[in-house]
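The chain below stands alone and is given in C-alpha cells; this is the form predicted on its own.
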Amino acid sequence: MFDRGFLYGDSVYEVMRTYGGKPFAWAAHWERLESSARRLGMSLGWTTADATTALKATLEESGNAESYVRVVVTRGAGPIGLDPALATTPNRVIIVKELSSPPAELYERGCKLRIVSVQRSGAGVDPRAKSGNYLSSIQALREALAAGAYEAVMKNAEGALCEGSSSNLFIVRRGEVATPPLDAGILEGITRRTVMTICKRRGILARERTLQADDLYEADEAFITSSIREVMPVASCDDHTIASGRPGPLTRAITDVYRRIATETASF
C-alpha cells in the first residue's frame, strides 16, 4: 500500500537540535506537533511518553555528539485516493543525523536575503500547521538561491513580509525588535517564541507588526531564526545593505542569550 505522506504531503513534522545530546524545547515541539495534527484532522497515534521514549532511544543509538532531529507523522497508508479515511493507522518516523550547523561566517558577517515572487501559501493548509506540504517554500528558496542569496523572504497576498522558506524574520529599528504577526500567514516558530521571551525578560521592546520591504531595507539590524540556525544575523536583502552590513549589537546579545538558554535547558 502507499503512504499518504509520500503521495500527498499528508503529514506533520517537527525539527529540532540537541545541546549536550538532549533536545531543546522538546515539550514545545511536541505540543506544536499535536496542534498541527489537530488542524489537519489527523491522529498522531502516539502518547507523549511513548514519543519521548522513542526519541531518547534513537538519539542514544545514533551516538552523535550533537544531532539534528526530525519527527514525522503521516496520516498512514491505504489505497490511492484523496479521501483521508482511506488511511487508518498513522506512520511515525524519527530521523536523527549528526548535526551540521550553518557556516560560522554567516554569524560573523551576516547572511543575504532575497524577497521572492513566490507568495506564502499552503494551498489551503492552515499556516499554523507544520505540514509536509512545502512546495511553496521549496520554490521560494530556489528563487533566492538563483539570485545568490542564502534565504528567501516571502510575502502574503497583501504584499506584507511573512517569513523565510524555513525561518522567521525579525528587524530592529531604534532599539525595537519587530517580527510579522501570526495573522500575516506564518508559522509560529519555537525559536521565534523563545526570542520574544528573551526580549521581554531583558526589557527589550519587542512586538508583532506588519512589515513591508522598506522596513527591512531600512532596518538598523535584522536577523532570522530557526531551530537549526538559532539566531542568524542578516547583512543584506536584495540590493540593500542592512545598516553597516555587519551583525548588530542587539542581534549579538540575543544570540548569546538564546544559546545559553538552549544549552542550559535542553532536556526530554
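Throughout, we count residues from 1 along the sequence that is shown. Values in this document were obtained by computation on a predicted structure and should not be read as measured data.
Same protein, other form: the form predicted in complex with a small molecule, not shown, and the subject of what follows.
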If contact means any heavy atom within 4.5 Å, which of 57-65, 220-228, 38-46, 237-245 contacts the small molecule in the predicted complex?
-> 220-228
Could you tell me if residue 107 has a non-hydrogen atom within 4.5 Å of the small molecule in the predicted complex?
-> no
Might residue 178 be said to contact the small molecule in the predicted complex, defining contact as any heavy atom within 4.5 Å?
-> no
Mark residue 166 yes when one of its heavy atoms lies within 4.5 Å of a heavy atom of the small molecule in the predicted complex, and no otherwise.
-> yes
Distance check, residue 114 to the small molecule in the predicted complex, heavy atom within 4.5 Å = no
Would you mind picking the one in 160, 187, 125, 96 that has a heavy atom within 4.5 Å of the small molecule in the predicted complex?
-> 187
